[in-house]
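Quick heads-up: it's one chain on its own, the form predicted alone, in structure tokens.
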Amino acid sequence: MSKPTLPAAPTPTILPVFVFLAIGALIPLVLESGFYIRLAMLVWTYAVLCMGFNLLYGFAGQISLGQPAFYSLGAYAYAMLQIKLGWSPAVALGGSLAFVAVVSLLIGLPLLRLRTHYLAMATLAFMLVENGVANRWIDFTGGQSGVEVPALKWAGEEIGRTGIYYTVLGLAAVVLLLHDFLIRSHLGRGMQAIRDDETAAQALGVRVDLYKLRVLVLSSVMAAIAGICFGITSLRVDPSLSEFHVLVSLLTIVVMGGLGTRFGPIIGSVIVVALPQVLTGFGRFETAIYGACILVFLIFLPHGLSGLVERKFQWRADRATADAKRRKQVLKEEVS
């Protein structure tokens, strides 16, 4: 009689990532309205922004409120490198990401010595400083009017709305694949160890300071990519990118999608972008209903929609493993 074998421990697969990307690739073929395609680009932009925050806070436990600052810096750098230096879009993309990485590194070295709400307040102060510079350095940033972002061109001609959408989708795909890889790798487990207990993680050999600095720089670069996506879509960059409403939107996406989950940033972005369009028919009650929806998620779905789905699949996998163990135990007893 052959021995029964237990199923391998369930490991997250990359298949759902390609499902999301396939759905995204089909959107321009299904939605012909330019308004809805623009909403789809906004969904991917916010998803990229929140993936960086998800790694930094959801997995590494570092409460940083400065993501909108890097979001704005990436957009401004992308525009200025083309306007002031005449760089091509591709070179400006790389240059802006390198610039944001250096800034985040310089900011992170002193700030990551802080913890909990002290780190949150320090990064919030950095966001306010960046917003103040963007508003008041009128000769360079254009002040409240902002600056125009050069349109994307192919063979000397501006690309259309569909081409812009697929450009944004391509940038989002790179970030999504990186985000998912980090979560499923040993790096993700190291970040979670730091989140749960820094002292214990260090005792287990995790280089806490290095991990925290790396994830801060990486999340800042992701925020910069989101800013570039916004600039490509809107063809304008202004100080509103680092104002409180962006931070509020980011936190709302985290609440509704699920903090510390694989696909919370995408699911939350879909909800936050689509929900106001659904609620416009309620007129003056729109804000009240929107706030009530957030309260419902906080009370009944503290891990967001993505957390609910992931927990359900994990429960089913754990139950299958437990059933297999019970069958093996029964078989051993019968044989003996």
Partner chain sequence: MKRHARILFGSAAIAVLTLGVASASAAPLDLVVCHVDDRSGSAADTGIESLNGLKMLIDPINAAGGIDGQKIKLVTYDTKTDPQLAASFGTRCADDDHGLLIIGGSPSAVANSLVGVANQSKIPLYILAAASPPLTDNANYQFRFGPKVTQDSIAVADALAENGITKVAIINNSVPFGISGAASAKKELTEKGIQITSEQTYDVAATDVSPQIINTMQSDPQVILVYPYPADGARVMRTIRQMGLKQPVIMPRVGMMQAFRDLAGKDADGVLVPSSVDTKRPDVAKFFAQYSKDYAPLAMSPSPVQGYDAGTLTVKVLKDEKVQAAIKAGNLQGARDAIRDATTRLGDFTGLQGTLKGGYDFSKSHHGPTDKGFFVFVSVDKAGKGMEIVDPTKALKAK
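Numbering follows the first chain given and starts at 1. Just so you know, these numbers come straight off a predicted model, no measurement behind them.
From this point on, the text means the form predicted together with its partner chain, which you will not see here.
No residue in the set K153, G156 and I225 has a non-hydrogen atom no more than 4.5 Å from its partner chain in the predicted complex.
In summary, among the residues I27, L65, L42, L305, the only one with a non-hydrogen atom within 4.5 Å of its partner chain in the predicted complex is L42. Contact with its partner chain, judged by heavy atoms within 4.5 Å in the predicted complex, is confined among 171-179, 96-104, 260-268, 139-147 to 139-147. Residue contact check for R236: one or more of its heavy atoms lie within 4.5 Å of its partner chain in the predicted complex. At least one heavy atom of L241 is located within 4.5 Å of its partner chain in the predicted complex. Using a 4.5 angstroms threshold between heavy atoms, R207 stays clear of its partner chain in the predicted complex. At the 4.5 Å threshold, heavy atoms of N135 reach its partner chain in the predicted complex. Along 274-293, a non-hydrogen atom within 4.5 Å of its partner chain in the predicted complex is carried by P276, Q277, T280, E286, T287, in order along the sequence.
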